[in-house]
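One chain follows as structure tokens, the form predicted on its own.
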Amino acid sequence: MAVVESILRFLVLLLSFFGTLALAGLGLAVIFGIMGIINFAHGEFIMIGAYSTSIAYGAGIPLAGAIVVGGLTTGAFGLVVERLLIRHMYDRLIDTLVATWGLSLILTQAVQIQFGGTFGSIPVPFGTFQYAGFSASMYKIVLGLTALGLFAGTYAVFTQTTYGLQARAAMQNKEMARSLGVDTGRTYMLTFAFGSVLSGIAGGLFAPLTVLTPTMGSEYIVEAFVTVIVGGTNVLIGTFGAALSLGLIQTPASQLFGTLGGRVALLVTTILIIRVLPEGISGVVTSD
């Protein structure tokens, strides 16, 4: 019985860490993998999704619907940002870093002014899962399963739609895709909006688990960046592999040394993987 409980505890914690890493990193990975843009305001996009979800939930919309509202709101905001700011800085990595960093500061202060230091909370749904002496939040299990569902949905978008075909072509060779008639500007616009939707959905899913504050994005930005860095340039294979690998490291470290020990193990593992695999996990998986 004790062995079964230990296995269940490990699996639930692994699913929770995997879900957090995957959800935090997927939107950032889509934008970076296709467009080559590092969005320093990614944490604030997660925050917008969380706030929008809370507002929709407070208006009487069920949580699942409120999360969709949060994703769509963040996607619409991302579309505006791309049209007004990002599209003028394609192929200028340093400029986009500075611009999105400035945007993150503006968003944090704007939300602080408008909503104050904290915002309305959302109760954690689904109750607890219990087996003998072991209990765990069902919502954390759902979080990991939802991450798997988002990976499947993103895979379908990139493999079964015209946009996905054009996005993969632009990622591999932008000039060649353009010469074949692909409107890369439109493709990049849709990519930034799609990545923003994923970030907003992540924020909505995180909302019941955290206190909503203007700086809440900083809680997830480390997980997002280490997942993308370890994953490499392949949006799906890299992000999935990184989230799973880092989750397998963080889970036992957290069990043995607590939450802080788990985060330290996460960062140390990231440094080691970058040193050994400069192109990340996707560089190994997709190599000839």
Partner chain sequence: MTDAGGPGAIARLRDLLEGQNTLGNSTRFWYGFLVVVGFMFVYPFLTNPFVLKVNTDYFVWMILALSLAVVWGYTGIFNFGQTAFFGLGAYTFGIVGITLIEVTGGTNVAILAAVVVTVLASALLGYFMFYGRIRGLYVAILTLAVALTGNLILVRTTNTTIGAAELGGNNGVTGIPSLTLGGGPLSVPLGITAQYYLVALLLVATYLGLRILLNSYYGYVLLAIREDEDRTRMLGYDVRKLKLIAFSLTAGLAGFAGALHAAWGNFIDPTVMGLTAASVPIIWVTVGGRDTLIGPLVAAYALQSISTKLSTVGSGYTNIFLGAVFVLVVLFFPDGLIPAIVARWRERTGDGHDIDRSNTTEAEA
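Positions refer to the first chain, counted from 1. These figures come from a predicted structure and were not determined experimentally.
Beyond what is shown, the protein has a form predicted together with the partner chain; the following relates to that form.
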query: In the model of the complex, the residue from 156, 80, 145, 105 that sits within 4.5 Å of the partner chain by heavy atoms; finding: 105
query: One residue of 244, 229, 55, 68 in contact with the partner chain, assessed in the model of the complex (non-hydrogen atom, 4.5 angstroms); finding: 229
query: Interface segment, criterion being heavy atoms within 4.5 Å of the partner chain in the model of the complex, picked from 84 to 92, 194 to 202, 145 to 153, 71 to 79; finding: 84 to 92
query: is_contact(residue 59, the partner chain) in the model of the complex, heavy atom dist at most 4.5 Å; finding: no
query: Residue 260: touches the partner chain in the model of the complex, heavy atom cutoff 4.5 angstroms; finding: yes
query: Any non-hydrogen atom of residue 190 within 4.5 angstroms of the partner chain in the model of the complex; finding: no
query: In the model of the complex, residue 141 touching the partner chain (heavy atom, 4.5 Å); finding: no
query: Stretch 13 to 41 - residues with a heavy atom within 4.5 Å of the partner chain in the model of the complex; finding: 32, 38, 40
